[in-house]
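We begin with a single chain expressed as structure tokens, specifically the form predicted alone.
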């Protein structure tokens, strides 16, 4: 290689920003961080754990946008998955205007003229399916009705390959508190703690059997070394996720039946990233 060729190769002909845009358009299977570090496939259930300011919902929005965008539109590569997404909002704090702004930005970023293609925008918004649940019973009802909803979408040529749940532990403490409102009703304890979790897990398993998809759920973290509870149904251990030279300890409060469903756990914080594989 001549000197000029070597210098040109070292200098490069694009900025880091241009390189990232090019790779994101070509490598459509590359998910946003931190999910890009995990070998995900349809049927996997992933949990993203982190404190409140760790942008868990923002990660879900970015993943959703990557899924609803097409691989290519009018000759412009967007690097999307070209599929529909179902977002279950258990926190009841999802901001659809934020999703719209980020989607518009992605479309304008890929467009050479810097304009937002209204037709593409409308297509992506139609692919984003949203449901809000305000308690465990609504969550269970939604899961049980998803089979018919997804089948209807599939009959119309729309395949849903991603289920997002934000956040899976939203009703845990409310359900736990309701156990002690009526001490004489011992059945309520099993209903709100173990049985509800078992029903959720069974419905998700049935859903994945008939409609293979990637499931990503978020969960707020509770720091500490130990976890004590009067309920035997809840796992009594705290899990250590290690990423040298730091060690993260947090309290696991979700029942073990939910933990058994997970394939990967991703701990995200402003300065820490750790991935735990359950297999």
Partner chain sequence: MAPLKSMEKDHPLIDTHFQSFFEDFLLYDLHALIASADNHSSSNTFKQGIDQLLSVIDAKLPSLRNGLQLLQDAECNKLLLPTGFQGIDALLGGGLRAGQLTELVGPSSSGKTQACLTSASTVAKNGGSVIYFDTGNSFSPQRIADLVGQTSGYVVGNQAELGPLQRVMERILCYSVFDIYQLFDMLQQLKINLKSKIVESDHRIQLLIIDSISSLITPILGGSGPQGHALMISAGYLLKKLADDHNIAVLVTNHMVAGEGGTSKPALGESWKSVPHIRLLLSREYGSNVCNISTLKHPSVASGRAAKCTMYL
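Nothing here was measured: the structure is a model prediction, and the numbers come from that model. Numbering follows the first chain given and starts at 1.
Omitted here: the form predicted in complex with the partner chain. The next part is about that form.
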> So which of 131, 201, 208, 120 reaches within 4.5 angstroms of the partner chain in the predicted bound form, heavy atom to heavy atom?
Replying inline: 131
> Heavy atom within 4.5 Å of the partner chain in the predicted bound form: which of 92, 158, 76, 116?
Replying inline: 92
> Is there a heavy atom of residue 86 no more than 4.5 Å from a heavy atom of the partner chain in the predicted bound form?
Replying inline: yes
>> At 4.5 Å between heavy atoms, is residue 171 in contact with the partner chain in the predicted bound form?
In response: yes
> Should residue 107 be classed as touching the partner chain in the predicted bound form when contacts are defined as heavy atoms within 4.5 Å?
Replying inline: no
> Any chance residue 154 has a heavy atom within 4.5 Å of the partner chain in the predicted bound form?
Replying inline: no
